[in-house]
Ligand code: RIB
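Below you will find one chain, with nothing else, as structure tokens; this is the form predicted on its own, and questions on how it binds or moves follow later.
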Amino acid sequence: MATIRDVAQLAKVSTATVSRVINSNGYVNEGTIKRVKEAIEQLNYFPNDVARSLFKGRSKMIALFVPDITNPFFPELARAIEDVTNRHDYTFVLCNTDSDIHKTTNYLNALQQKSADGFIIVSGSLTEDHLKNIQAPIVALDRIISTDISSVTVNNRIGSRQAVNYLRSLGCRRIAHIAGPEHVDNAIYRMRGYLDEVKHEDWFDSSYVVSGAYHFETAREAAVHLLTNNPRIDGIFAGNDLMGTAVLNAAASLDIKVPEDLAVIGFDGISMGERVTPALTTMAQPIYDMGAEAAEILIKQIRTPSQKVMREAFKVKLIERQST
């Protein structure tokens, strides 16, 4: 394998000159640049990125942390972030944390030791205290970690109110909610939006809200329990689309017809919602735009450390399908 010394010898320059050409750092005349590049090509030389990152304190690496890679929402986010980071010549790393705080902090510490340039984090468990020793820029995505950290989210509470009112417009009179994890802020805001619309109804009590934890099986069991114990429910707002598909599965197992006897709406806009039967009505987030915006904000903060904290809140959009 060729070394930087081999390149320098072939180009008849010093190793320092080769380094300046590779890193575009300092003046080198055009003739010398041409000779160095020809030597690099002839020797098939690859600069040592690890050594470069140790020298410069940068790795051209950006990491995305997600809580559950099996939830289709997160691969769709990851695709957008990968596209943007690749366009800016960054290496993209995906870390699945399983919402485990120890696993998350271990990833953070390991990647910081490798001079990762920045982090995009989807987490409901990380706090400012966990991040106090992280020197690289951070952007929170899909949920807010701290007022001191840039974030990209959507109008969860408003979108949830729209979902409930849409079900009402269809004639639903008893609308239940399958909620996400109680420690995740977007799940909290979606539940609050639901409660804004139904908590004063004479039929409402706490039994109309059950946790699905943003997981299919948990949400399916919760929906079976909900529909069995409250047979007059004629509408369900699920806190995300994965749980919405679980509600459809539960309804089918109980011989409840959707949408004739039960209208179901989710929240996210993942492609899976189009592929189930009946197709799932949803409050769609602009998933690709959110991921792309998070990546762009992070790259700005990497390049300009004095960049102020940025907040981006996208709107959600009703997409009507067969489940309503």
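Quick caveat: nothing in here was measured; it's all calculated off a predicted structure. The first residue of the shown sequence is 1; numbering continues from there.
The protein also exists as the form predicted together with alpha-D-ribofuranose (RIB); that form is not presented, and the subsequent description refers to it.
(message) Based on heavy atom distances of 4.5 Å or less, which listed stretch (200-208, 108-116, 185-193, 167-175) is in contact with alpha-D-ribofuranose (RIB) in the predicted bound form?
(response) Careful reading of the contacts points to 185-193.
(message) Does alpha-D-ribofuranose (RIB), in the predicted bound form, lie within 4.5 angstroms of each residue among 73, 143 and 268, using heavy atoms as the measure?
(response) Contact check passed for all of 73, 143 and 268.
(message) Is residue 244 part of the interface with alpha-D-ribofuranose (RIB) in the predicted bound form - any heavy atom within 4.5 Å?
(response) Outside the cut-off, so no.
(message) Can you tell me whether residue 85 touches alpha-D-ribofuranose (RIB)? I mean in the predicted bound form, with a 4.5 angstroms heavy atom cut-off.
(response) Contact check for residue 85: no, nothing within 4.5 Å of alpha-D-ribofuranose (RIB) in the predicted bound form.
(message) Please tell me whether any heavy atom belonging to residue 285 falls inside 4.5 Å of a heavy atom of alpha-D-ribofuranose (RIB), as the geometry stands in the predicted bound form.
(response) Yes, residue 285 sits close enough to alpha-D-ribofuranose (RIB) in the predicted bound form that at least one of its heavy atoms falls within 4.5 Å.
(message) Is residue 240 part of the interface with alpha-D-ribofuranose (RIB) in the predicted bound form - any heavy atom within 4.5 Å?
(response) The answer is yes: residue 240 has a heavy atom within 4.5 Å of alpha-D-ribofuranose (RIB).
(message) For the stretch 199-231, I need every residue with any heavy atom inside 4.5 Å of alpha-D-ribofuranose (RIB) in the predicted bound form, listed N to C.
(response) The one in contact is 214.
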